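Quick heads-up: it's one chain on its own, the form predicted on its own, in structure tokens.
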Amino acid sequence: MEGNRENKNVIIGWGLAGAVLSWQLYFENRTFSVFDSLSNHTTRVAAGMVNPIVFKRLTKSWNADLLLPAAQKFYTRIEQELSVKLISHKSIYRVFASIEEENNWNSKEGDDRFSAYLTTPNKEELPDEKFVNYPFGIGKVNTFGNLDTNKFLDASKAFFLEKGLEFYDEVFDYNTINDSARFFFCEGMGVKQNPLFSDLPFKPTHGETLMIETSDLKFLHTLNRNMFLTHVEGNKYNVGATYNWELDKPITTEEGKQNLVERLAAFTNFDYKIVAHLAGIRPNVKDRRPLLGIHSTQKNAIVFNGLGAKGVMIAPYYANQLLNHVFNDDALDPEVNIERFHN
């Protein structure tokens, strides 16, 4: 890789944040190396869903009008670079839980602020009522689909290795930080062992998902009703997710499994078998905004973390903003700048 070699860039962490940041560096023709401890769970467990809507309040996700088009452009470009399909063009179908929710949806659908996202699906689009219960109807969210997060990480790593990227499958030693490089910390919850950024106000959230197989449901998009049920491939579907603020390790639990089974049974009726049970720790932040910025004293230490449940949509736009901040001294949005916790 040709590029800016006088100062090396080191990325610590190979989850969503690290991989997206690597691509943004690559697009700027900057060299970099990566430390991958092979301990990341969250990105590999994630469904990779891009959802511009918050269903609980039926409002747009934070900065959705900026983040969604940037993400679509970014992942489309990656697909072209890799010649690999990463995006499954699924819409999200919201199963209404009440007549009030249906009425609220219909009123928002007629609002210009939501018209790009909310629609009423045609009858032929809907799942078979034998297998999905929707007495109050279904609404449709227009989005560009789901990112295959595992394929994104693996194909990106293979691509960069072929380009001569230095990729270290080992835990980063913080004692090796020096002034000869910039260090971008994209560690997820591994940041709690980072002496430079461990004081940031994370609110780690344990989550579990199931992979199921069923020959009954022939629905190739995503259903949502207090959980997601999204088609993966063939007869396989992802089911999730749980939220637990007590567990601090990515372990699966019988309680989490039963929670998902019961929530799925609340709106579906089909036979299936569980083929995988996965868990991860989400690097959520107390104010639900990402964490970007430069350390207050160690000026070559940079953090890109806290992307949360909407990370696939958030990461491309803010990785680009972070690099403009680091290399061009452009301002960071105050909502994401880590200085918001130091004032």
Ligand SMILES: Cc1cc2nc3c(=O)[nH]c(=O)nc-3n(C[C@H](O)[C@H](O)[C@H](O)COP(=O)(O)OP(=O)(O)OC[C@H]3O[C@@H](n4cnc5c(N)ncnc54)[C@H](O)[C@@H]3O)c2cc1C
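Being a predicted model, the structure only gives us computed values, none of them experimental. Residue numbers run from 1 along the displayed sequence.
The form predicted in complex with the ligand is left out here; the points below concern that form.
Using a 4.5 Å heavy atom cutoff, 36, 241 and 310 all lie near the ligand in the predicted complex. Taking 45, 67, 301, 285 one by one, only a single residue has any non-hydrogen atom within 4.5 Å of the ligand in the predicted complex, and it is 45. Stretch 200-208 is the contacting one of 135-143, 261-269, 89-97, 200-208, since its residues have non-hydrogen atoms within 4.5 Å of the ligand in the predicted complex. By the criterion of a heavy atom within 4.5 Å, residue 188 is counted among the residues contacting the ligand in the predicted complex. The shortest heavy atom separation between residue 170 and the ligand in the predicted complex is within 4.5 Å. Though the partner is left out of this view, residue 294 does not reach within 4.5 Å of the ligand in the predicted complex, counting heavy atoms only. Residue contact with the ligand in the predicted complex: residue 322 places no heavy atom within 4.5 Å of it. Counting a residue when any of its non-hydrogen atoms is within 4.5 Å of the ligand in the predicted complex, the hits in 14-34 run 14, 15, 16, 17, 18.
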